[in-house]
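Read the single chain below, which is given as structure tokens and is the form predicted alone.
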Amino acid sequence: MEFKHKKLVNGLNVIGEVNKHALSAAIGFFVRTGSRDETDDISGVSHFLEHMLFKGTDNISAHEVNRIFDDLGAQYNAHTTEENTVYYAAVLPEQLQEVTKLWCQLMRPSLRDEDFDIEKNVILEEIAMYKDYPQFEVIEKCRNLHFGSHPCGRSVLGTVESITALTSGQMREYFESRYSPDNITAVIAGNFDFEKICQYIEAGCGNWQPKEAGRKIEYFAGTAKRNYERKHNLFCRHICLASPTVSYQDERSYVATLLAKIIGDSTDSRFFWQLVDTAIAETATMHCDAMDGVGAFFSYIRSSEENGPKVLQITEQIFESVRQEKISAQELQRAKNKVLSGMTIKNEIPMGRLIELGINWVYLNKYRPIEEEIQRIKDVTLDDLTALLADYPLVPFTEFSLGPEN
């Protein structure tokens, strides 16, 4: 593996990890913008804008965009989170130049009014669709309750009201303020010629004008509020819990990742043995969401309505037990094996490696080879877990529950 980095005059960073043994290559544009960078009146614009990039440019129609990607045999897509919007494609090495040229054009979309009006209905349908998924709804509402007025509590999709009121002019203003070259990182992974791809990126993106795109970063410990909502056509109780933890920039984020595995992995975790295996809950998982300057543990549990109070009681006991009774060496090693296995398998292919490269650069402005990532996981000790729990004890937590009307 060989790491490469070049910064264009306008501030756009191009990074690459060359692997001459790979049989494919992947490219992505990481835009440091998401729902936390919005305001209430334009909530959901980042995700909406992600859709609009596939509508094409002044010279390329939406139909031609799809045709070119398909002609190249590309596996392509995009996603938006609270903090990042990522556009990517994986191709055979010989097709990387063409797909790079296409992405460079798409990153400056036309944002036509007629496309905007049509896609607005698509976004509204997507919001309605997710309301049929209580797991998604309860996690989003718990996030909003946990973060309160902190920008990380904003919905990625936005609301029916905000999307309905959004104008194409507001989207263009947001695009101009956030899609600045110094707020974008181009990332390439796999089998490719870095200098040659840089030439294409510089030709396609070098004339973009820089504009400061800041972000307010502040830590927030969470509200620790609790709310229960009844909903028509539900038969189970859906529970989401949120507790504060470290940010992505904190070296202890590796410790937090392992702690979440120990407590709430889908198999052979404390949640599994005390909630799922005992048939008290159907599903019980936990993950660490380490973000820019702030972080949270999120637990999702689904059970019968009558078992809801018991689930919460046992969960609180589990949170206390990892502090009082400590975590065993066997539990820690098992969690390490799971994380290392998933990490290694994901990073074996350029598309998986692309995401890791880009996220590390966006948050840390540095390159971490996979060997370093592996070693950081291996180096976590039981004392590290104890120290993390002393600073972030999991209790009190924010709770949001959805349950049946009756």
Partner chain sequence: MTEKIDTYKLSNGMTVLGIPMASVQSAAIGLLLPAGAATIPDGCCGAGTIIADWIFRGTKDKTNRELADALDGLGLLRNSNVESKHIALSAALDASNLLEAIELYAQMILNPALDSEQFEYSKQLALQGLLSLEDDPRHETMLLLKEHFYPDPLGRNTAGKKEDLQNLTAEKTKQIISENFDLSQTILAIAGKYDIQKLRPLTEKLFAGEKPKSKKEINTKEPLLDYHHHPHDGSQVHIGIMTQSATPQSGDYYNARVATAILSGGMSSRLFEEVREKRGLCYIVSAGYHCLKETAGIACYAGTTPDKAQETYDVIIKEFRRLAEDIDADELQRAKIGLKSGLVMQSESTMARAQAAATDHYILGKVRNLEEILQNIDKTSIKSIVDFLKNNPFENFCSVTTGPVKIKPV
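Treat the numbers as computed from the prediction; the structure is a model and nothing was measured. Positions refer to the first chain, counted from 1.
FYI, the form predicted together with the partner chain isn't displayed, but the following is about it.
> Would you kindly say which of R108, R252, R302, K141 lies with a heavy atom within 4.5 Å of the partner chain in the predicted complex?
That would be R302.
> So which of N233, Q209, Q324, S149 gets a non-hydrogen atom within 4.5 Å of the partner chain in the predicted complex?
Answer to the contact question: N233.
> Okay, which stretch from 168 to 176, 192 to 200, 274 to 282, 243 to 251 lines the partner chain in the predicted complex, with non-hydrogen atoms inside 4.5 Å?
Comparing against the partner chain in the predicted complex, the contact stretch is 274 to 282.
> The partner chain is absent from this chain, but in the predicted complex, do S180, K366 and R368 each have a non-hydrogen atom within 4.5 Å of it?
Checking in the predicted complex: none of S180, K366 and R368 is within 4.5 Å of the partner chain.
> Within 4.5 Å, heavy atoms only: does P350 come near the partner chain in the predicted complex?
P350 belongs to the contact set for the partner chain.
> So in the predicted complex, is the partner chain close enough to N10 to count as touching (4.5 Å, heavy atoms)?
N10: no, not in contact with the partner chain in the predicted complex.
> How about G73: is it within 4.5 Å of the partner chain in the predicted complex, going by heavy atoms?
Within the cut-off, so yes.
> Is K378 close enough to the partner chain in the predicted complex to count, meaning some heavy atom within 4.5 Å?
Output for K378 is no: heavy atoms all beyond 4.5 Å of the partner chain.
> Which residues from 105 to 134 come close to the partner chain in the predicted complex, meaning a heavy atom within 4.5 Å?
Going through 105 to 134 in order - heavy atoms within 4.5 Å of the partner chain in the predicted complex - the hits are I118, E119, N121, V122, E125, E126, A128, M129, K131, D132, P134.
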